[in-house]
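Here we start with a single chain on its own, the form predicted on its own, put down as structure tokens.
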């Protein structure tokens, strides 16, 4: 990739920056995000999906990575924002993100979160189950608001991905089953409410997918439902939100597909189905998160302990691990990495990269090909922009890393490194009796 290149001193560069210089300036472990790459990905979505279809919308899936600065980038690029909790909504509001462009998801929104969203005037609430619709209606009436509602449905298709990030199968904690009688009752309830406005349907079929046929199958099932709604209520479905889940490059096993690979298939299937059923083409919404920020982020670590088990394995341990990247332990996520200060040296050794947490499963990478290493060398793990900082914890009381954004030749600290003192700020001591 053009942003990952060597320079005469043999160091690893990311988005035009020497990663060893970043480590020296900001310390390690360090999350590094390239604003230039993020904006580049958003521009690609504009060209492939929004420009050809002016009614369409792209919403950034904030669960991948969210900060107030990221909200500003999303707004600047004209995207909507997908949030799934009160915390994500609050972050967006603190960044002055336009609330009418927020889509609020979640399979178990609290009543407080619903009140927060309705009070703020959030653009759309995605209802996940029938009782939630009643709660939204009740709170909307109390607050004298009209709420736009989209129903999350389960298309009952399974993507080729890890079972922990499959979401479109029949047995899922997310969404309403596509069952005609129940769905007609629910739509009728929304349609007759003075406080609710039915806008359409949403589905999500999984994360990090490298196929597009599954989107076609899900759309076919949902379009039959849209046809049924048209026949019974004489209303057009205004919006169809097909979620995200577009795969990226983590290692050599899978290569990232262009966004057109997904959206061209999605739009082709929707247009075909609408022609076949004499339906109005809805505004189509996609919700990419990982595809925008995943490859736009790296994590820099310092190597500490080096341990060889003769005839078995050689471990190199870094000053982070499961607390700043839980994905390998959670669902066997794969990553690639380089030795930042030895990027021009031959890869003659094989290591397993271990984290420092007290878990045998704290292994970031198995069997990494690399030069011989020593304590103090720097390891850069690629494609950590999505679901790393956002899933970070203080396990073993490790402070969460700092976050640095790169733009052009500049680097800027956008989230401070936690300290031992800041970890204790939530706690209180009580006298022992």
Ligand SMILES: Cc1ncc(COP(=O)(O)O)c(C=O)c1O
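Quantities reported herein were computed from a predicted structural model and do not represent experimental measurements. Positions refer to the first chain, counted from 1.
Not on display, but discussed next: the form predicted together with the ligand.
**Q** Here the chain is shown alone; which of 208, 343, 299, 317 has a heavy atom within 4.5 Å of the ligand in the predicted complex?
**A** Partner contact (heavy atom, 4.5 Å) among the options: 208.
**Q** Using a 4.5 Å heavy atom cut-off, which residue among 109, 290, 80, 199 comes into contact with the ligand in the predicted complex?
**A** Of the listed residues, the single hit is 290.
**Q** Against the ligand in the predicted complex, would residue 246 count as a contact residue? Criterion: heavy atoms within 4.5 Å.
**A** Output for residue 246 is yes: heavy atoms within 4.5 Å of the ligand.
**Q** Give a yes or no for residue 49: in the predicted complex, does one of its heavy atoms lie within 4.5 Å of a heavy atom belonging to the ligand?
**A** No, residue 49 is distant from the partner.
**Q** Please tell me whether any heavy atom belonging to residue 387 falls inside 4.5 Å of a heavy atom of the ligand, as the geometry stands in the predicted complex.
**A** Residue 387: contacts the ligand in the predicted complex.
**Q** Is residue 61 a contact residue for the ligand in the predicted complex, using a 4.5 Å heavy atom cut-off?
**A** So residue 61 counts as contacting the ligand.
**Q** Which one, 67-75, 262-270, 141-149, 238-246, holds residues whose non-hydrogen atoms are within 4.5 Å of the ligand in the predicted complex?
**A** So the stretch in question is 238-246.
**Q** So which bits of 103-128 sit within 4.5 Å of the ligand in the predicted complex, heavy atoms only?
**A** The stretch 103-128, when checked against the ligand in the predicted complex, contributes only 105 at the 4.5 Å heavy-atom cut-off.
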